[in-house]
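Presented below, as structure tokens, is a lone chain in the form predicted on its own.
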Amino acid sequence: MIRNASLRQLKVFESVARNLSVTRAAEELFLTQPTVSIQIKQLTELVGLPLTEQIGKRLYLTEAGRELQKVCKRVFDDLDNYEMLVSDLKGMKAGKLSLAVITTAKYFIPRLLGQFCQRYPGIDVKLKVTNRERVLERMAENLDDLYVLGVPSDDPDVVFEPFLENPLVILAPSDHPLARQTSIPPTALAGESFIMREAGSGVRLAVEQFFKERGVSLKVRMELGSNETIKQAVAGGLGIAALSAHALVLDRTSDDIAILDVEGFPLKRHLYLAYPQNRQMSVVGTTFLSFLKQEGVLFAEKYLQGLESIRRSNGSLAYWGEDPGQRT
């Protein structure tokens, strides 16, 4: 009977199922491969059906194995939540926090996490930085506590809460003919070579929609999967690009890149915290969400002051599209 399975056996199986490899599971759990194989064999005998199958050199889960993997996830999630709850009842925050964020968020989330972990040193954090499509996939698979996205999905079962401005700007080499012009009409960029993130990127979706609404067809010369690489490509004269202003904070003294004063830019957007509506959030997840709502606002104000300095470093370019003295 499966109820006679030990937590150790379930832990070993969960690692094998997730890695689809006995070798990697053994390395992850600091066990020998024969020990892992024995645990899987004993668990298979309890279930009464094969849990895995070997086809060539690859390991696959059977239907019974896939269902048991779901059970294991629920069991260990519940145990983690209970451990966090007990710590909370004792008056101390402890446990694990898992976040998945889009690449733009990597410029500020680590700083917020630093403050959070100083306040709650008993919390271990796992941060996954990836593109929008993969964040949505992880959300669908329920792999993390919270997610950060730039463009909300249309999933009615997910809560999206805006928490930080995410203005988009158009970048060009500092010696570009448009670099010192003001009030540049969007149509003036019709013939320019654009350097874009991959299809599905939130920034790309927003920028393409902006120009499409104005009847401008963009000429995409190059697709790159990294904001840092895009900045270097722009500085090297390969084209112009649209990026989040957050990606420029550490480069505000650079002379190689200019922010173009394109009408309609900076494109006003927000970053969103996302989490499943019907799932009970862990104690640690709730604590971090509360932290962002309380302390994140103060952090955002300081951070946006850094973004404002970008505008000042670009001379007469109206980076914010308004007099900074009138900003609220």
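The first residue of the sequence shown is number 1, and the count goes up from there. Quick caveat: nothing in here was measured; it's all calculated off a predicted structure.
The form predicted in complex with a small molecule exists for this protein as well; it is not shown, and the discussion that follows is about that form.
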With the small molecule left out here, work out from 211 to 219, 197 to 205, 113 to 121, 177 to 185 which stretch has heavy atoms within 4.5 Å of it in the model of the complex. 197 to 205
Might residue 193 be said to contact the small molecule in the model of the complex, defining contact as any heavy atom within 4.5 Å? no
Might residue 231 be said to contact the small molecule in the model of the complex, defining contact as any heavy atom within 4.5 Å? no
Taking heavy atoms and a 4.5 Å cut-off, does residue 102 contact the small molecule in the model of the complex? yes
May I ask you to check whether residue 130 falls inside a 4.5 Å heavy atom distance of the small molecule in the model of the complex? yes
